[in-house]
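Taking the form predicted on its own, here's one chain by itself in C-alpha cells.
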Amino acid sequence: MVTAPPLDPLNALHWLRDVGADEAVLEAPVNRYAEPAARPALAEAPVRDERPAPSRDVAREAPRRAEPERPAYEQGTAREIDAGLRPVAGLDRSADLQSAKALAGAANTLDELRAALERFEGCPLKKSAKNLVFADGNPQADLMFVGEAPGRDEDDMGLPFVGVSGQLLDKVLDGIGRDRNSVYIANVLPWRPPDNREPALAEASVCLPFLMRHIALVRPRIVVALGATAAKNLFDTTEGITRLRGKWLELNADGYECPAMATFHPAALLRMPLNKRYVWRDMLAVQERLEQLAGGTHLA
C-alpha cells in the first residue's frame, strides 16, 4: 500500500486559494498543524458510575473503535486533493487552452463566437450540460454583466440568470431604471457544472479566452463582475469579493479596455440579504459612471 507524502503547508495554502477559500472566518488565524492544547481539567469531579463493571469476557469482546480518517490535507499533495475534488483541475489543459485561444481569436462576430464554442471540445462540462448558455440581453448595450456559471434553470433554458438569482438581478436592474433590453449578460462558463458546484480553476481558465473575446466583440462601456469567480477570472486576482467589490478597475479583454467593477452575486444576496445595500451602492456608482461616459445618456 502506497502512503501519500505529507502535504507541504505552502501547497495547502495555494490549494485553498485556488478553490476560493481566501478569506478568514475567525478574528485570528488558526494553525491546524499545531499540536492541540491539553484539555483543561474539569472544575467538578466526574459523576461516579454506580453500574457494575462488565465481565472480562464482555470487555474482551467489545469491538475496537475505528480510528478517525485523516483529514484531506494529510492524505496527499495539493494537486492530488484538488484533482479529487475537481476532476479536471489537476490535468494538463495547455493544448485545450491553445485551442480555445485559436477558436476565440478567429471569431469576428457573436454568431461566429457561439459557433466556435459549440465546436470546442476542451471543456468536459460540455458533455454533462444540456445546453450551451451563451448570453442574454442586448449586445448593443453599454453595460455588460458577467456571472459565474449556469445553474439548473439556465441549463434547461439555455439562457443566463433565469432562475431565482436571475429574478433578483432583474430587480436590481429595475432599481437603476434598466431591464434586460438595456444590458448584456454572460458567464465565465457557458456550461453548467454538475450539482451547481463551484467551477474548477482549470475549467474557468480554458473558457476564459471565449469570455474575453465575447467582451471585445460587444464592446460595452462598463463591465460588472457578479461574484468572486467572475471577479477573480476577469481581473486575474486572488483578492476576495468582499474587499474587491465597489472598486473601479481597468479591464483589458482581448485588447479592448474599459472600466469595470465587481459586486456580490445575486445568489449570495439570497443567502445574505444585508449585502443588498452594498450592491445598491455599486449599481448607483455604475449608473453614474455610465452617464458620465455617455454625456448624460444611456441605452434605454
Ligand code: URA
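Owing to the predicted nature of the structure, the values given are computational and were not obtained by experimental measurement. Residue indices: 1-based, along the sequence shown.
The same protein has a further form, the form predicted together with the ligand, not shown here; the description that follows concerns it.
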Query raised in the report: Is there any non-hydrogen atom of E148 lying within 4.5 Å of the ligand in the predicted bound form?
Result: yes
Query raised in the report: Quick one: is S165 in contact with the ligand in the predicted bound form, heavy atoms, 4.5 Å cut-off?
Result: yes
Query raised in the report: Can any non-hydrogen atom of Y184 be found within 4.5 angstroms of the ligand in the predicted bound form?
Result: no
Query raised in the report: in the predicted bound form, does P190 have a heavy atom within 4.5 Å of the ligand?
Result: no
Report summary line: TL;DR on 134 to 142, 170 to 178, 99 to 107, 155 to 163: the one with heavy atoms within 4.5 Å of the ligand in the predicted bound form is 155 to 163
Query raised in the report: Going through 263 to 283 from first to last, which residues have a non-hydrogen atom within 4.5 Å of the ligand in the predicted bound form?
Result: H265
